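In the block that follows, a single chain appears as structure tokens, in the form predicted on its own.
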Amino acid sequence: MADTQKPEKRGEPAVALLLTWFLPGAGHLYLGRTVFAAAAFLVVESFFVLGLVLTDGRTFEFLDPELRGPLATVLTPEAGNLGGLLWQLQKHGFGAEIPGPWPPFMMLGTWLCALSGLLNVCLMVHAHVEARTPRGHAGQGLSPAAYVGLTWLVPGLGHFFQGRRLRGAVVFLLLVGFFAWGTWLAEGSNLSRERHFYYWSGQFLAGLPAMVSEFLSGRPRVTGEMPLGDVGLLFACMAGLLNVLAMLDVCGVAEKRWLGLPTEPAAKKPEPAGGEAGA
């Protein structure tokens, strides 16, 4: 008789994901990937700690006082690294009571803290897929986490590496176009976390286009009225939020390929013409 027993999973996917969310590498340690877990912890937390050093832990001082509260930092890229986020709030809170000049490398430090959260999201995807992968099964192609990271880096890049080039081109043109249009309407005012804390968090999900634009712009000052400034903020933020859907798309296809599952629904067999067979 054929063996119908399902292959044994390496662990519980939800447990691996939640452990990684709280502490980078913890989910992989749970799955027995000790070396990978140590490397993951060092990389993510190195980004985070260096970012805290460069910003003096003042990242959340950008947030307006009336918006500060227990859940105020949930909608930030740093929330992907939950343990680090909680430690920062415990250690530094929302900054000093008396504001002072920003550190000279505040922009770089802000990016590094945000990147630590995005990197840990990719690790969460990796741990989840690893837990679902049967023991002894060699995954096919790149890990889904790699495709998620590529899509965050440049919208559509993950689709391109999957061979879905037309969809990748559409995603790139649509999302980068949305971001560029929004930046133009907002006259560059969206390119500052200090000025627009939550809109910046959304557009950061658009990856390199947002980071390069912010770097090259030098964060221009607002010198007059912007009639369509709010519309521009919305479009630029929407580009990053829509990129989350693109990341989910490449992740779903990559996961099926990794596990050797069909990526297209099975075609239905045509019914015989003229009624039932043999009639």
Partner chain sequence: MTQLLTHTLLFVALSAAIVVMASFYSDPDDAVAFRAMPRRFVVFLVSCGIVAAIMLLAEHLFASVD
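Numbering follows the first chain given and starts at 1. In this text the structure is predicted, and so the values were computed from the model without any measurement.
Unshown form predicted together with its partner chain; subsequent notes refer to it.
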Taking its partner chain in the predicted bound form, would V15, F22 and L119 all count as contacting it (heavy atom within 4.5 Å)? no
Among the candidate stretches 34-42, 234-242, 53-61, 207-215, which one is within 4.5 Å of its partner chain in the predicted bound form when only heavy atoms are counted? 234-242
Since exactly one of M106, A79, L174, L153 fits, which has a heavy atom within 4.5 Å of its partner chain in the predicted bound form? L174
Could you tell me which one of L86, A96, V74, L166 places a heavy atom within 4.5 Å of its partner chain in the predicted bound form? L166
Does at least one non-hydrogen atom of L248 fall within 4.5 angstroms of its partner chain in the predicted bound form? yes
Is the gap between F178 and its partner chain in the predicted bound form 4.5 Å or less for some heavy atom pair? yes
Give a yes/no on whether L228 approaches its partner chain to within 4.5 Å in the predicted bound form, heavy atoms considered. yes
Can you work out whether V253 and its partner chain are in contact in the predicted bound form, taking contact to mean some heavy atom pair no more than 4.5 Å apart? yes
